[in-house]
Each structure stands twice: as C-alpha cells, then as structure tokens.
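Shown below, as structure tokens, is a lone chain in the form predicted on its own; questions about how it binds or moves come after it.
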C-alpha cells in the first residue's frame, strides 16, 4: 500500500474534510507521483485516500475520507451526483452548455468536464487525475452517453505538476465548432482552440442579468472574447454595442454569434489591448462589462493584481457618463469578495464618482463551491450604478 504519513498534530485539516494536504504537513512518503495513496495519521490510522505529487505544494489531493479506497464505483457515484445537481437546480432546462464536473466542487479534484450540446470536453489539471482520466472518461461514456469526449488538457497549471499539454479525441468525433443554446441565446463554441474549454459557462447568470437591464442602453464589452455579454445585451434591447478584445479569432466568432442571433443593432468589434483602449478612448456607453482574465495566478501576485483591477475600474468609472451600469468581475480565486469590493471602492473614491452596488454575484450551481474548501469559490461580480 502506497501511503503518506502526516506529522503529529497535522491531521486537523483532514478531520475537517479539506481536500488538500500540503507538503509541509507530511512526515513520511512511500509513494510514486500521480498514484493513489492512503493518508495516515502519525500512529498509522488511515484517515483518507487521495493522489500524491512530490512536485507541488499541494502534495495530496483527497478523493475520499475514511479507510475506503476510491474505486470505479465511487467515481461513477460522483459523476451521477454531479449530473443530478445540474438537473435539480434547473441548469439542464435552461441551457445545453454547462460544467458537468467542477474539480473539488464535485469532489473530483483536478478534473474539469464541460458539456456542450451533447459533447464533453475534459481537462485534467493534475498528475493524479491524469492517471485516472481514462477510467473517468469510460464512466462518463457509460453513464451519460455523450456524442463525443474531447480532451483539452492544455492548462498552464499542468507545468507545475510535471505534465505536458495534451489534447486528443477520446470518444466519437467532436466538431471544431459546436452550437449551444443558453436561455434562448445561441453561441458558437470553439472547443479545440478557444480559451479554457471554449466558453465561459460560469457567466451564464450574469449574461442573463445584463440582458435584463440592457434595453435602450449603449454597451461596451471589455475582454469580450466571443461576445457572450454583447449578444445578451443586444437581444435585451441595447441600442448598440462595442466588443473589445485582444484576440482577432475570438472577435470573428463574436461577429458570427451576432449573425447567428440575427442581431441587427450596430455592433463594432475592436481588436486592442483593453488597458490601452481604456487609456486612449472616450467611454460614452452607459452599460459597461469588464470581465478580465485572472490577474492573480498565485498568492505572490495578489498585490500587483489588485493594482491592475483598480486601474481598470478607475479608468472606466472616471470616464463613463452619469446613469451608467458597470458589471465588473474577477475570476482570480486569490482575490476574495471582500478584497475585490475594497478595490472597486478605492477606484470609485479616486474617480470622485457617486456609485452604489446594485448586485453582488458569484458562480452558478454548475460551478459548486465545496463547503470544506472555500478556495473553490473564485468568481466575483459587482453590478455598480454610477450616478
């Protein structure tokens, strides 16, 4: 039996069911990287099971607690439970695109699976999940019978796990572009070359909120990617929209999404660095969406990331007209809700603008937060009304 022995007194986090064990808590290891291990107390009592990697600070990611070794039946139960959660919360009724498995949130750490109109896209983020991915894919295929499964294991975090980027067809045939339906809106998803697995399902609820407040407004969508917020606003009755992104490929797909939804309002696409754009352009629109990529990749980068978020929001708030809405977001898990609100407060204060918070939002139910692992809560959004 491969095993990890914890230092005396380091069992507390396991007893509290936190799924991570850091290398500093380990006294002795008898295991190979990527393999299932029994996690034992100092006296040898088996506390939990997980997979081990000597290369990372999070040395063990736990799959089960107690002395029951994880097996295919456990994984099948977890996958059934994850699908049932999406069904009972109504997600499968409003869209055919959602996150099916959200890593620690669904108690399958290191695994992301997104469902796009019957096609699955998998991401294996850790060496331990890499050893299990064939088993997981087989179970998904048996239980949910998708049209295809495609692996997009190209996340930059794999480097720290000692893994190369890997993309491949696993089952069936996955089209390069998949059409999805979200709350009556249609989107084209590039699952092979797009960001993450192709689409940001986690902003589904916020797109719907933007759709609800967009009537009669002019829209500026910053970091627009393939135009999700743009389409929502235009279908909600916005008069015009400008989509700004650094990727020409993403903007082309945004244009195609407008055509797909038969949007006839004025839609301008601007290929530019968003920081440069807000520095050099007037902001005349009165509904602005700012949804940047994660600026804080780790704890060490939080200070610089906070400056970046403040700079973005300060420029927007200072330049936008009165009677404006700003939906400002952060997907950095190292920036918590409290800190993000403090950053936005400082931006409003420095801009000398009166504003109120019209809404606070987090990630939807298909991106569940593990109650024992608050680190799984990453998405924050504030809807500001600027007087």
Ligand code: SAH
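The structure presented is a predicted model; accordingly, all values stated were derived computationally and were not measured. Numbering follows the first chain given and starts at 1.
As for the form predicted in complex with this ligand, it is not shown, yet the points below apply to it.
Of the candidate stretches 154-162, 110-118, 95-103, 273-281, only 273-281 has residues whose heavy atoms lie within 4.5 Å of this ligand in the predicted bound form.
For the options 171, 83, 75, 200, the one in contact with this ligand in the predicted bound form, meaning a heavy atom within 4.5 Å, is 200.
Here is the short version: of 285, 126, 224, 123, the single residue with a heavy atom within 4.5 Å of this ligand in the predicted bound form is 224. Among residues of the shown chain, residue 291 is one whose heavy atoms approach this ligand to within 4.5 Å in the predicted bound form. Not displayed here, this ligand is kept clear of residue 193 by more than 4.5 Å at the level of heavy atoms in the predicted bound form. Contact check for residue 246: a heavy atom falls within 4.5 Å of this ligand in the predicted bound form.
Within this chain, residue 267 is remote from the site of this ligand in the predicted bound form, having no heavy atom within 4.5 Å.
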